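Presented as structure tokens, the chain that follows is alone, the form predicted alone.
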Amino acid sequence: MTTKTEEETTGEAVEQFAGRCLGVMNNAAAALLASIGHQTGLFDTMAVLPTSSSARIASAAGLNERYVREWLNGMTVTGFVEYSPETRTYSLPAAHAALLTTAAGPDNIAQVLQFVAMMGEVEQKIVERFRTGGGLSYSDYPRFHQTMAEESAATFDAALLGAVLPLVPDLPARLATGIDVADVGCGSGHAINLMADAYPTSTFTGYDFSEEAIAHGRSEAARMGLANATFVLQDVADLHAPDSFDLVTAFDAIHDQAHPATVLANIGQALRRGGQFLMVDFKASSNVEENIGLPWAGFLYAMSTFHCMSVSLGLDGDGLGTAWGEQVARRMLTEAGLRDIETKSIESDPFNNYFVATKK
């Protein structure tokens, strides 16, 4: 029989978990509202306005007042916005603006919260894949490349040249002298173009199998007048460029690949002797029990289920997953023929590991 103490303990545990579930529900709602605040420019608008009415905020943002008022009320009760009932006015505290506006750069949490809304857009398709297996295609995510390009650009603009590249010993000096660089899974190509602009004596090649992404990279390179940046429409699982590059980079791209081990092997072959590989990927352990206390672990597994693992499986791939983790990453780098593997980090990016490896 269950004792009274056990019943009380069980009841307390249920009550605590109920509170946890209510918190999840409210936080999910806040994430969606914050995504709207970013996309409509409401956070940026409020950051430069004094305490204002919903009508004034809507007018300044060029938006419908009734929708803005309901959004403001939702952001008020979830703690993003402050409200004065005496004057019926709203304000965005400076401390909140520091994490919610485009001026925040890579610290803009509202920008990242767009991915929560994107996951919801494909929920029913993912539910079906639970029953049938397989995965989705990149075409199922019409906003993914735009959103990812926006997030990556903020990070690259803030840290690529000054903090990320110096993680590789002597790399800035070698780039200034002139070396050959490739970026696999280059996406919109902003990293390639930033490096090409900063180091005109080096050559830079971006590879991606998305026509949209490659077109964006080429367009930006043309606007910047870059003669040393080239973009190639290429599935890097089929890349064959032996001994072609002194440096290869991959920014949050390997875990998405259909066959990541093949891609890493191709990178190893593409490097010249002594060449280096700089890989950026999410900071996590390969062991789920070690991720329980990681603040962004739930987001990683959700993104994996809704996107990263799914697009890999949709290409009949391995479905490596977003949270493949440091241990598996280091093993796969070794199997690709890379040595002297170091795991590094930068202060402005707590979410990612920066792996530096060398081809002997």
Ligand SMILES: C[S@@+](CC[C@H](N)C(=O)[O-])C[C@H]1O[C@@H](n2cnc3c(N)ncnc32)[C@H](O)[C@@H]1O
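For clarity, every value in this text was computed on a predicted model and none was experimentally measured. We number the residues from 1 along the sequence you see.
What comes next is about the form predicted in complex with the ligand, which does not appear here.
**Asked** 139-147, 221-229, 92-100, 193-201: which one contacts the ligand in the predicted complex at 4.5 Å, heavy atom to heavy atom?
**Response** Contact criterion met by 139-147 only.
**Message:** I'd like to check something about S244: if you look in the predicted complex, is any of its heavy atoms closer than or equal to 4.5 Å to a heavy atom of the ligand?
**Reply:** No, no contact at 4.5 Å.
**Prompt:** Taking 4.5 angstroms as the cut-off for heavy atoms, does G187 touch the ligand in the predicted complex?
**Reply:** Flag for G187 set to yes.
**Request:** May I ask you to check whether T78 falls inside a 4.5 Å heavy atom distance of the ligand in the predicted complex?
**Result:** It does not: once the ligand is placed as it appears in the predicted complex, T78 has no heavy atom within 4.5 Å of it.
**the ligand contact in the predicted complex: T205, any heavy atom under 4.5 Å** = Although the ligand is absent here, T205 would stay clear of it in the predicted complex, with no heavy atoms inside 4.5 Å.
**Asked** From the list S152, Q111, N266, Q276, which entry has a heavy atom within 4.5 Å of the ligand in the predicted complex?
**Response** Exactly one residue meets the criterion: S152.
**Request:** Counting non-hydrogen atoms within 4.5 angstroms of the ligand in the predicted complex, say which of T262, S286, S210, N73 makes the cut.
**Result:** When the ligand is considered in the predicted complex, the option within 4.5 Å is S210.
**Request:** May I ask whether E290, W296 and E326 all come within 4.5 angstroms of the ligand in the predicted complex, judged by heavy atoms?
**Result:** No, the candidate spot makes no contact with the ligand.
**Item:** Residues in 225-258 with any heavy atom within 4.5 Å of the ligand in the predicted complex
**Value:** Residues within 4.5 Å: Q234, D235, V236, A237, F251, D252, A253, D256, Q257.
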